[in-house]
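The chain that follows stands alone, in the form predicted on its own, written as structure tokens.
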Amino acid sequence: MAAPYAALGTTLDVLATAPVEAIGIDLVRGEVPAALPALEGKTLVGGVIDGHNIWRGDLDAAFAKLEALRDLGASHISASTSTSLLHVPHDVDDETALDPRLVSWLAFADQKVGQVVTLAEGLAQGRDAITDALDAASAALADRHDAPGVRDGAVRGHEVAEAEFLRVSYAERESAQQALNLPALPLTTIGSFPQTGDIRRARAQFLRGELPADDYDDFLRREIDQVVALQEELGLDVLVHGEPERNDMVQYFAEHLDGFAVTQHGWVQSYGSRATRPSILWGDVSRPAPITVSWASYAQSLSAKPVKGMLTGPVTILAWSFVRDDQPLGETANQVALALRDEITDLEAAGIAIIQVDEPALRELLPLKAADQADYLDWSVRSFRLATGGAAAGTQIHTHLCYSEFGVVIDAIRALDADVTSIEAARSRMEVVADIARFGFDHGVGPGVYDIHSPRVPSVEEIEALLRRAVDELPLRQLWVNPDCGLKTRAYEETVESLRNIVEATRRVREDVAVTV
């Protein structure tokens, strides 16, 4: 029986008496138990190599945990990874473009298997048989600790004041944002538009050096021209630039922030048949230059309607990266948040009045154990508020959450204090609006009306029914109209037809609302 992903606590006592021959325990997220009866005849499998992250780690400490397991009375001790290796890439030796010093700190799946073999040899032959391997891992760990950029005095010199987590009251912000002059049920999208074959080919040509940077930028501007014109023609109220320059919503920021590295071949399964290539957050995080400002301001120059600035939030950047394991996650999240805070300031200066900070992974990272959830929700919410806390009252801050049911974290969503929160809701037929109404959520909210995870085009009548349920349950002033998520994975034909249906459904509901009001 294997029990990865967390410490078992008192449950381990129960498992020890179960009719199984071997018990695998996670000793990366848990500790060696002080005592464990009823182990006679059983094998204890110590998950001492982190199967969920890519660091080489402390092999000496891992072996010490295995030695401690011997004192618990099991008949046999085995070494293993803490989880399966589906979470990590295949082989770090494939990453020829990474800094060799960084590579020396890493262990992908092949290297982790090698570490398990080393530890097994030590269990069989004694510590002296693996001294060289233990010393090499310890030397790499020490080098990582002392390397430039891992601890940046300029980043660590920023002592965050409590006031930086706070904006003025929502009532004051709502009043200031009336200047945006938006209609009832404002229409928008979540951010990305379809990443066509032409976009992917141009990006590949640019990365191979076959397309000059100026020509690539011209290509991206033409894509933005088309996306903005399409939204104007459809009749959306708040526009986006479509994100043609972004390969991935996390990797794009990782490529522009200090403290990150990106791999060439570090693919892992995301969900279903989809794969992702997580970035490596190895050092203190800072922003050397503006990231999104030029694209957002170019799109805004094409329209009199507001164009949203689009950022990925600190929790999602951490969730979809391999994150350093030598400091608390909350500390790392705040470093990312401060970099995003600077980006928001520059977007405001460029005339961007609506800024969306996406946090689709907020619910995803919630710990399984209730006892661990409060601490996670505290630092995750505070990192978002640190990123957005410097925005002016008249700047409308949006966030977006998807991939989850949100009733269990509705208090945390309210605590984010975003002016508008868009949430996946189409697949659940607007069930989330009942949670929103019940919890007294009073900020702006956009429950999704179009399931973008399917190629199916929703009818006008279907969308209208969802909108009417939302209007029946929530005050009109709160409601926005939008798809469930970004449109990156969809084709243009289905996207345009779906958006036309959303606009028509919204027109019908607006007409009825105007009559009743």
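No experiment lies behind these values; they were computed from the predicted model shown. The numbering used is simple: start at 1 and walk along the sequence shown.
Form predicted in complex with a small molecule: not shown, discussed below.
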Interface stretch in the model of the complex with the small molecule - options 118-126, 157-165, 243-251, 179-187, non-hydrogen atom within 4.5 Å: 243-251
Contact flag, Asp358 vs the small molecule in the model of the complex, heavy atom cut 4.5 Å: yes
is_contact(Leu106, the small molecule) in the model of the complex, heavy atom dist at most 4.5 Å: no
Contact test in the model of the complex: Met310 vs the small molecule, heavy atoms, 4.5 Å: yes
Non-hydrogen atom contact Cys402 with the small molecule in the model of the complex at 4.5 angstroms: yes
In the model of the complex, the one of Gly191, Pro278, Gly444, Gly259 near the small molecule [non-hydrogen atom within 4.5 angstroms]: Gly191
Contact residue in the model of the complex, chosen from Arg468, His52, Lys488, Lys65 - any heavy atom within 4.5 Å of the small molecule: Lys488
